[in-house]
Ligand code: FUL
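Only one chain is shown below, in structure tokens, and it's the form predicted on its own.
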Amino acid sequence: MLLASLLLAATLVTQTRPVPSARQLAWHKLETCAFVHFGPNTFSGNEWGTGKENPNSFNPTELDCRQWARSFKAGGFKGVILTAKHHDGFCLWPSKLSTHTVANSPCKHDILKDLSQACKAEGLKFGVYLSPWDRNHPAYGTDAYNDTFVGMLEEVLTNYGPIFEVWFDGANGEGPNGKRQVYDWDRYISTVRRLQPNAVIFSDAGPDVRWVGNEDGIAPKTCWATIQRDRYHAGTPLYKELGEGDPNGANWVPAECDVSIRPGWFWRSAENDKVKTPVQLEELFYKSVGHGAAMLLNVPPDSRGLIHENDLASMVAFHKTIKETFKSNLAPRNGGLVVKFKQPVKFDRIELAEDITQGQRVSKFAVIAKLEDKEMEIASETTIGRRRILRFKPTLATEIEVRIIGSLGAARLRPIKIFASPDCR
């Protein structure tokens, strides 16, 4: 009777775990995407524009969005998110709802159109960032501005093909009239759902993808894809909680790790020699994707309108190392939590993954390597989720066992994968 009760309890826990939606599952598969901060700040050197910029300052004379897309593809990225409107209010498309746009600049290009077409040509997903804060628009701080912002969303979400992610941040400062805006988030979200139902929506609170709580590109080692969504709002002061998530959260809202390849988000010539190295990018990959989250790397075009040579070289070298490391799975395809080899195998990477269509469950596990009659614990961690990559010194083993120590219901792992990095071979 007791055993039957325990089995029933485990079944109930299993059945009630939150699971990702179809749009979230598609997003999870991308893993690494590029972020593009581009606008008047590229020419002024500012991080946050004032809204008083002269549109004539925006003049990328060698603009080539196809070069961007080729660069991101060469870096191994699967999608691109463009800052269509940052806090300064400057629109990178010829919006009919603002005078602060590319239409009034020497550039004249509809950059959303150029980049969306370039992404399609290179097989990349296309996404957009729209800041609701607008330091230029005269209606900001009034009820009318919510109509304006929804209208801008409608322009962006209907004229540029499929959008895979709409990125909102919670910045909320004063506009040109000294007022702050009360954002109508429910209306913004319903507009995205109506026009781009397959797009995930990012903000501190989701509803589909959450901020990881820092701009260092790092997810904690413990990283649940679930949170209690109604606890947060865009701009929440509780952002430090967002990293680890909540194992008891009722909502599937996985973490995305945003970080810039440079010290700033917008390009500056003084930072051309401060681009993150391939080794630094690799470390960020393991601490974002390797912790079950996603990597969103900002690579800002320069004042020519091109991805700078230094940024490109670092991305390409990073991608080469990742591709080389994970090209050959050394594990036999036998499934289960134990992998056995006929001969000793040398490795330094193990990849674990839960079947997240059934939810995320594992809360603690260990990995044991065995050689002849000796066994050694080579890892002891907490969560697994969508993808957990473990790194350790080169190890020789004839058997590897994953021991589930804690789990919210029956653990459902995909087959174990084992790899040797270039340094291990």
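In case it trips you up, residue 1 is the first one in the sequence shown, and so on. A quick note: this is a predicted structure, and the numbers were derived from the prediction, not measured.
Only in words, not in the display: the form predicted together with the named molecule, which the text now covers.
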**OP:** Could you check which residue among Phe326, Tyr183, Tyr129, Phe341 gets a heavy atom within 4.5 Å of the named molecule in the model of the complex?
**Re:** Tyr129
**OP:** Could you spot which one of Glu309, Asp143, Asp230, Glu215 gets a heavy atom to within 4.5 Å of the named molecule in the model of the complex?
**Re:** Glu215
**OP:** Check, residue by residue, if Trp48, His86 and Trp265 all come within 4.5 Å of the named molecule in the model of the complex, counting heavy atoms only.
**Re:** yes
Subject >> Answer range among 96-104, 167-175, 235-243, 183-191 for contact with the named molecule, defined in the model of the complex as heavy atoms within 4.5 Å >> reply: 167-175
Subject >> Distance check, Arg388 to the named molecule in the model of the complex, heavy atom within 4.5 Å >> reply: no
Original post:
So, in the model of the complex, is His37 in contact with the named molecule at a 4.5 angstroms heavy atom limit?
Top reply: yes
**OP:** Could you confirm whether Asp258 comes within 4.5 Å of the named molecule in the model of the complex, counting heavy atoms only?
**Re:** yes
